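Okay, here we've got a single chain as structure tokens, the form predicted alone, with questions on binding and movement later.
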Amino acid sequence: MNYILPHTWSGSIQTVTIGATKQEGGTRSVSYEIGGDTDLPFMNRSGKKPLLAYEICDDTAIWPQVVRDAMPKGISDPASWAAYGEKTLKPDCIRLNLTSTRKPNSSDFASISATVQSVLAATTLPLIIEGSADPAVDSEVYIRCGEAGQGERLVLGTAEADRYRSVAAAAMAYDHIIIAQTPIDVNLAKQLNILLRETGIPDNRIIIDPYTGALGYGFEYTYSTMERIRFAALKGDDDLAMPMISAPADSLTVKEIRESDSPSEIAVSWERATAVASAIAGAAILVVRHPGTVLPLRTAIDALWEGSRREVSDGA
């Protein structure tokens, strides 16, 4: 009995551990090791099953309307939202998007620390944080996040080519992981990883975000880029040998959803399809926002994973 398409590559994907249990110095109920792949996704029992992250935020003003409409009643703050996500949807991780930092002249840094601490107290799952997109407040935002989650091995994002030092400093100071995001370009992804390594971030602290375009609105470029990153890593390019994260949030803003008579149903289908394709392209973490996406996405990923575990005979 052979596995499908056996192949030996010269390279492999770096392992990264997210979250920290009590034994590891944190308070999470579980930590995850992602990466470690020695073959293409879902092939030959290589690597680990992709993780599912449910995304919440601290200010829903800029959140997609279809997601706001689907939020259960009684959720009044990020902490209760995170608790709902863990208990009801059962994802592997929670991602907290600090949308409040995107407001003009945002400077309520004390509330950022309080929000991160409250979410950590409300959920036992590893926490991913999407911080500021404003270079003017980056440094303070990321330091507050890093300090509030010290010991928890947070995943902090995102570092970009023109604004990576602040998040890198927070990751190094408080022993966290960093997300390196570039605009759907293999060479730019490689260049940013090199820049982060030069600041002192080790390979096992970097997760690549190649940026996920919406299905039907540029996702084919994302898919191609992710494939090329994975191929380069397996061929021995250490500058691209980090696990990837995909957040198909743009899928929830397309006109097919906005103009649909059943926007929630279409939103779930669109987000799930984008996430599954991202997993096939090599994403180790899949981030979704619509609560209705988590369960069907879990079912789809489990089916792919179990199929990759089965042995088949020669020529099958």
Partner chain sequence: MIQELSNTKGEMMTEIPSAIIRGREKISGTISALTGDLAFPETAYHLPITYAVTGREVHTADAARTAYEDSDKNMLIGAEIVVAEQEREISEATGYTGFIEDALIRKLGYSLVDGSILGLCLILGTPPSADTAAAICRELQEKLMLTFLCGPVITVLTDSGVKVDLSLRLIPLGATSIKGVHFADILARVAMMFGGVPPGDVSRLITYAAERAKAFVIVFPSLSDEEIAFVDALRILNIPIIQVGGYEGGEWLLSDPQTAVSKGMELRGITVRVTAIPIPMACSPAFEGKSIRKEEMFVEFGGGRSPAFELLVTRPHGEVTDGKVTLIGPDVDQIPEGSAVPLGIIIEVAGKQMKSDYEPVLERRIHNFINYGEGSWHVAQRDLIWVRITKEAVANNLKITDLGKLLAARFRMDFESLLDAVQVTLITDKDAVTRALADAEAIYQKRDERIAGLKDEDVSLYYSCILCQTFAPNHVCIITPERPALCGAITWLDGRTAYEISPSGANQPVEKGTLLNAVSGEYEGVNRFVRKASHGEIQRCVLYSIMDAPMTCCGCFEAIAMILPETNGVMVVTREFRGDTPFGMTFSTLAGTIGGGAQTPGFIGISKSYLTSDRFLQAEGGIQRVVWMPAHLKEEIRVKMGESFHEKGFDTLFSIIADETDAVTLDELLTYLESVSHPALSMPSLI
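Keep in mind the model is a prediction, meaning the values are calculated, not measured. Positions refer to the first chain, counted from 1.
Just so it is clear, the following notes concern the form predicted together with the partner chain, a form of the same protein that is not shown.
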| query | finding |
| --- | --- |
| Contact label in the predicted complex: Arg228 to the partner chain, heavy atom within 4.5 Å | yes |
| In the predicted complex, Met71 touching the partner chain (heavy atom, 4.5 Å) | no |
| Contact test in the predicted complex: Tyr174 vs the partner chain, heavy atoms, 4.5 Å | yes |
| Contact test in the predicted complex: Ile143 vs the partner chain, heavy atoms, 4.5 Å | yes |
| Selected contact from Thr124, Ser80, Ser100, Ser139, since only one has a non-hydrogen atom within 4.5 angstroms of the partner chain in the predicted complex | Ser139 |
| Position in contact with the partner chain when the complex is considered in the predicted complex, options Asn204, Ser111, Gln117, Gln191, heavy atoms within 4.5 Å | Gln191 |
| Option from 71-79, 241-249, 163-171, 86-94 whose residues, in the predicted complex, bring a heavy atom within 4.5 Å of the partner chain | 163-171 |
| Triplet Leu195, Thr199 and Lys235 all within 4.5 Å of the partner chain in the predicted complex via a heavy atom | yes |
